[in-house]
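Here's a solo chain for you in structure tokens, the form predicted on its own.
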Amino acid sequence: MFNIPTATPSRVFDHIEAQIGNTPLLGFRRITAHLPANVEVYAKAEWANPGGSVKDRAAAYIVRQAEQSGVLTPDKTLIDSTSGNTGIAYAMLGAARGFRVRLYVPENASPERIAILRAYGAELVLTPAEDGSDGAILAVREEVARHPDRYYYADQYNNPANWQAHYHSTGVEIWQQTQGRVTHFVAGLGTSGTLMGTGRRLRDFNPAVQIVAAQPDAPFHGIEGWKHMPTAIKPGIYDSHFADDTISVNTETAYATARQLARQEGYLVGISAAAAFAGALRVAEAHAAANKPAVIVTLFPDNAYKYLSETFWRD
């Protein structure tokens, strides 16, 4: 018999942005059962954000700074490239705050993501799947160059507000939730905002915290939202020398880990979340083998609800 915690009163949120951040830190029972007690693994449940992903943090910070500086005005359309989650966050905020949103999205983005974007009323331009996220970046740059007066180009890959969002929120939350015990932070590389911002804040708290970047093992992969940095257009906010270590995760491992998390822990996570957990588990197992204690934190960017049409769930 286990106890179910009783509900406690919660405050009323008067606008949707107030729900962003302060996401739970999740522990694990079965999938980490082979690890010794002094090697702990945790993950931030970023699907608890109102737009369903970690990208709510960066998008809200980008929009807030743009409005405050006057570059995003009611007569401008916010435009950017996205693999889906940042676009969903932009679209959600546009609906709530009353600005138009135009997004360039690779056509192989999951059908669920496309449907959500359209439900929010965003204008979509689908770019060739074979060009990946880099193709969407180039396409949006061409449009902005043609009509600069129409748009506020949010430019999530190069906008410092992206990593600053995590510096001021995610890093602080992880430090507080682990009572300052975190020794490693593992995050996947997409825009790199999560890794750069969270990592910088954790190092400010404790310079000994190890920052581990995770990326696909090949240029052509199935980990939506991640970049293979050696062959991709590198984000301007990304510092290739920042992480203490970089590990590669293949698509098949990400798929297998997603199934394992669902069937052993009850966590339905997205593909990039599963890949990040696979990386964190690799770090944990290395410390266990070396008989070294560790408190390893990773981040689940979203849950599986945007990927349930993928065939790997049936394997």
Ligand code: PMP
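Numbering starts at 1 and runs along the sequence shown. Note that the structure is predicted; figures quoted are calculated from it, not measured.
This next part talks about the form predicted together with this ligand, which is not shown.
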Tell me, which of S192, N159, Q215, T127 has a heavy atom within 4.5 angstroms of this ligand in the predicted complex? S192
Selected contact from G171, G94, G225, P106, since only one has a non-hydrogen atom within 4.5 angstroms of this ligand in the predicted complex: G225
To test your reading of this chain, name the stretch in 136-144, 98-106, 172-180, 217-225 whose heavy atoms come within 4.5 Å of this ligand in the predicted complex. 217-225
Could you tell me if G188 has a non-hydrogen atom within 4.5 Å of this ligand in the predicted complex? yes
Answer with yes or no whether R113 is in contact with this ligand in the predicted complex, where contact means some heavy atom within 4.5 Å. yes
Heavy atom within 4.5 Å of this ligand in the predicted complex - qualifying residues of 265-300: S272
